[in-house]
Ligand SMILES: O=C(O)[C@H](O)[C@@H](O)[C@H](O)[C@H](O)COP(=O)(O)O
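Next up is one chain by itself, shown in C-alpha cells, the form predicted alone.
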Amino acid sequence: MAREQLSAARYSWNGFADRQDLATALAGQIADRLAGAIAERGTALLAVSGGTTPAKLFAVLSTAPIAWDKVTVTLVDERFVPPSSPRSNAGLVAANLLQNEAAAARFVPLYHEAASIEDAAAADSEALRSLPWPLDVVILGMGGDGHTASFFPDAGNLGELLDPASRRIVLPVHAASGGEPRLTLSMARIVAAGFVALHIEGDDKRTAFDGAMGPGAKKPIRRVIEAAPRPIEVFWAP
C-alpha cells in the first residue's frame, strides 16, 4: 500500500468530551461484544493493554453485569517482569479489572519465569494455544512514537511482529525504546479479533495518531490498521 494519507474508512473515530464518558462508552461496547460471544458459543476471549491509561476503563468494565465466569482475559503485551513489579501489566489488570463482577473471569498471564525472553515466549504460546481463538475483543493503546502492543519502531524483529500471515501466538521483543524485554501477541492474532479498539487519551496522543495516519507515515499503529480486515474503532478523549 502506498504511504499516502490513510483513509478514515480504515478506522472509526469516536471522540468524547472527557475520559469518564470514554470509559463508560467503551466499557459498554466491550461488555456487549463479550456477552454476544458468550450467547453464541458459551465463552469469550478478551485481550487488554497495560499502562496507566486503561485504569478508569477497567474500573467501569469490572462492574459490567455479564457472565464473567465464562470470560478469559489475557494481555496484548507484557514486560518481562514478575506480577509483583509496579511495571507489570498483569498487576495493573489484577488491581483494576479483575475486581467486582469481573473477579470471576479467568486470567491467563503472559509473564512466565524463564531463563530468557525467548523461553518465556515459547511457554506463553503453549499456555495460550488452548484458548478459544480468535479473540473476541482486543483493546490496544498507543505510545507517542506510534507503537501499539509492543510493536516498537526500533524492535529488531518488527517485521516478524507485524507479519499478517504469522502463525505465532506470543513473540519476544527487544527494543531499546521499550526498556526491558517484552512479550507480545503477534499482529496476526490481534487483527483477527472480532472487535479491535484503540484507546488513546490526551492531545499529544491525538497529534501522534493523526501523524501516523498522514502521508509518508510508517508507524506500527498504521501498519496494524492497514492489516485489520475490519475497521478499528478509535476511542479518544482530551
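Since this is a predicted model, take the numbers as computed values, not measurements. Note that residue numbering begins at 1 and tracks the sequence as displayed.
Form predicted together with this ligand: not shown, discussed below.
- The contact residue chosen from G51, G179, G202, G28 relative to this ligand in the predicted complex is G51, the criterion being a non-hydrogen atom within 4.5 angstroms.
- Looking at P109, you'd find every heavy atom of it more than 4.5 angstroms from this ligand in the predicted complex.
- None of the heavy atoms of G91 is located within 4.5 Å of this ligand in the predicted complex.
- Within this chain, T148 lines the site of this ligand in the predicted complex, having a heavy atom no more than 4.5 Å away.
- Shown alone here, D124 lies farther than 4.5 Å from this ligand in the predicted complex, counting heavy atoms only.
- Figure note: of the listed segments 148-156, 162-170, 95-103, 116-124, the one touching this ligand in the predicted complex, with heavy atoms no more than 4.5 Å away, is 148-156.
- Residues D77, R79, N89 of 73-111 are found to place at least one heavy atom within 4.5 Å of this ligand in the predicted complex.
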